[in-house]
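Presented as structure tokens, the chain that follows is alone, the form predicted on its own.
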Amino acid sequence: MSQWIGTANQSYAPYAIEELRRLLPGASFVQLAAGEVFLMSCEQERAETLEAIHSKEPIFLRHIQPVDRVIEISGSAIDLEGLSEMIRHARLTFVDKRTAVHIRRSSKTTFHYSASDTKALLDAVLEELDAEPVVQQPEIIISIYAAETQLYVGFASPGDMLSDWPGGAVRFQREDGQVSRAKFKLLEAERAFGLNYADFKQALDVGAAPGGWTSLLLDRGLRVTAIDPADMHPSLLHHHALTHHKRNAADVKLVANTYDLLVCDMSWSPMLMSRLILDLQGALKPYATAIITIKLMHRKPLQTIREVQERLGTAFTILKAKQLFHNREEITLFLQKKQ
């Protein structure tokens, strides 16, 4: 048996649970934060559960933490004492390790202490144990979820938790002059899919306006061909590495085998999006990478995703499908063109 706290984007937890039921027969679920956070109890032990999740990572599961201990919330300093003693008893897990402390709180929790105060205390305990408290690039994470009357605590690596951010909520700082917040989706995709956009040379951005994704790729040194009948942001208009076709993609003639990266973030139906991408595949080099958002416009997102993957699978290898933190009513596909 093992227990886990799972997290999905708001209102998408039911789909994450549906995916987990298929992976882990016999699992049971209790909602902790409606539509977002849930407690999963599995018949499988920890290693078997992780193997199942990583072998076919659920699209809608943003973050997963093991539950190594449950502490009843007393509403007093006893709560912090219990957390401190738990870490001291697990000393060998943290000694000489870069260790992060992540605390998330339910809106209804009776745990009185702020995340910053709790982290400060536990960081001091880690220093006593010859661990190295860190914020970035941890080797192990102490993850705490403060539910209404209980603290759920677990230890695991960032890889096992699917993210090195609390609850998988990846945050980026907005920059002065940033064209749009859509840039965050492409930045998160880079992290999630293990990419480095600077490794590419020629990018095709379909549905580019006003240019949030284009601006990021230009900043990374790529030459970008942007297609959109709408205007690009004024800050991009005279960039030496940008070509803007101000028309629909179907009306643009592109040179074959030119682009090693295609990105697309358009508010279109999934099937129309699939047809558009397939029509453009000839402009891509063999094994080119594609990052595409698929809007979930129907009540059966898992079925929609399967249909899109089947259609795109005729020309692309589907490397990963994931609802990222910065996705809303959509998912992001990571594809590679077949030869």
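Start at 1 with the first residue shown and count on from there. The shown structure was predicted, so the numbers you read here are calculated from the model rather than taken from an experiment.
There is also a form predicted in complex with a small molecule; it is not shown, and the following applies to it.
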| property | result |
| --- | --- |
| Answer range among 112-120, 153-161, 223-231, 192-200 for contact with the small molecule, defined in the predicted complex as heavy atoms within 4.5 Å | 223-231 |
| In the predicted complex, the one of Asn257, Ser74, Thr243, Ser267 near the small molecule [non-hydrogen atom within 4.5 angstroms] | Ser267 |
| Proximity to the small molecule in the predicted complex, single hit among Lys108, Arg247, Arg174, His89 (heavy atom within 4.5 Å) | Arg247 |
| Proximity of Pro133 to the small molecule in the predicted complex, heavy atoms at 4.5 Å | no |
| Contact label in the predicted complex: Leu217 to the small molecule, heavy atom within 4.5 Å | no |
| 4.5 Å heavy atom contact, Ala182 and the small molecule in the predicted complex | yes |
| Any non-hydrogen atom of Pro138 within 4.5 angstroms of the small molecule in the predicted complex | no |
